[in-house]
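Take a look at this one chain, the form predicted alone, written out in structure tokens.
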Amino acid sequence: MNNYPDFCYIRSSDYPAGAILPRTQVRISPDDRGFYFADGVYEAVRTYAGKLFRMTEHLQRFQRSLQAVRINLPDRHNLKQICTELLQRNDLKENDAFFYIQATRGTAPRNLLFPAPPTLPTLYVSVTPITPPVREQSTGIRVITVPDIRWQRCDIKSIGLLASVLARQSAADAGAEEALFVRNGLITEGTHTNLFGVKDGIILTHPLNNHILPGVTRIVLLELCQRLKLPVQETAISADSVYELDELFVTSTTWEVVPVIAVNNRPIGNGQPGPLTRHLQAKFREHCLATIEH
């Protein structure tokens, strides 16, 4: 049972003007192309103490995803206002919270071709309180590696996440908290995380290309490394060499910076969160609280 009002925003063929409604009253047509084809994209944004964090970068990434799949979302410029209103309506304006923003190509008869204009894209926005990942950040997590069977445009934040669903469940079945994708012998990223390694004081992370998502937390962390004068190499980590790293950690909007202590049941370093990871955890949180949008 939620302890907040749980209002969501919906704009679709059933709500062409857009509406904020209790989640239990929101209705989306079974003919929505998101339901048929996963024909849509999404974005995830968070707040610290009710203040939106890096909203500009999140909206820019959302727009890139929309453009890549050729969805023209008419009210995308209102998203910050919508999020602010939802915080107010849900009594979360002082909380750490998580926004889920999804846009699909809209409601139309099932056909692979784009629906004819003026089909209205569906926009859905929800917000929930964040449960801090205290255990993951404190003790670290275990991960497994899995073949990267996803499509070639992982830089698009597509709602078609079946490969990630299966990988994350495989991790859980193996007693791990995350799965890392391996493509052509190289680790690309996690199911919902970007990956960083540390070797001889140098921070390693996969370069931006179509095989990884350009994570906003990744951007912030690289900015911090530059400010702290920590050496970084944007180069992929191979699945074979990952066990030779001194430290390993993952980043995401909700997890922030989380140490990885074992891969496929083999320890990384001494099997404990590393000192550089701990340093970046603290600096990341310090930076977030100092730069939240007002």
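Each residue number is its position in the shown sequence, starting from 1. Predicted model only: the values in this text are computed from it and were never measured.
Just so you know, the form predicted in complex with pyridoxal-5'-phosphate exists too; it's not on screen, but the next bit is about it.
Visitor: Wondering, does G215 line up within 4.5 Å of pyridoxal-5'-phosphate in the model of the complex on heavy atoms?
Guide: Yes, contact at 4.5 Å.
Visitor: Please check if K157 has a heavy atom lying within 4.5 Å of any heavy atom of pyridoxal-5'-phosphate in the model of the complex.
Guide: K157: contacts pyridoxal-5'-phosphate in the model of the complex.
Visitor: Taking heavy atoms and a 4.5 Å cut-off, does R33 contact pyridoxal-5'-phosphate in the model of the complex?
Guide: Taking the distances in the model of the complex, the answer for R33 is no, it never comes within 4.5 Å of pyridoxal-5'-phosphate.
Visitor: Hey, in the model of the complex, does T47 get a heavy atom within 4.5 angstroms of pyridoxal-5'-phosphate?
Guide: T47 lies outside the contact set for pyridoxal-5'-phosphate.
Visitor: So which of 261 to 269, 65 to 73, 222 to 230, 245 to 253 is the stretch with heavy atoms within 4.5 Å of pyridoxal-5'-phosphate in the model of the complex?
Guide: Looking at the other structure, the answer is 245 to 253.
Visitor: Considering R150, R168, R89, R142, which brings a non-hydrogen atom within 4.5 Å of pyridoxal-5'-phosphate in the model of the complex?
Guide: Partner contact (heavy atom, 4.5 Å) among the options: R150.
Visitor: Heavy atom within 4.5 Å of pyridoxal-5'-phosphate in the model of the complex: which residues of 185 to 223 qualify?
Guide: Contacts from 185 to 223: E189, G190, T191, H192, T193, N194, L213, G215, V216, T217, R218.
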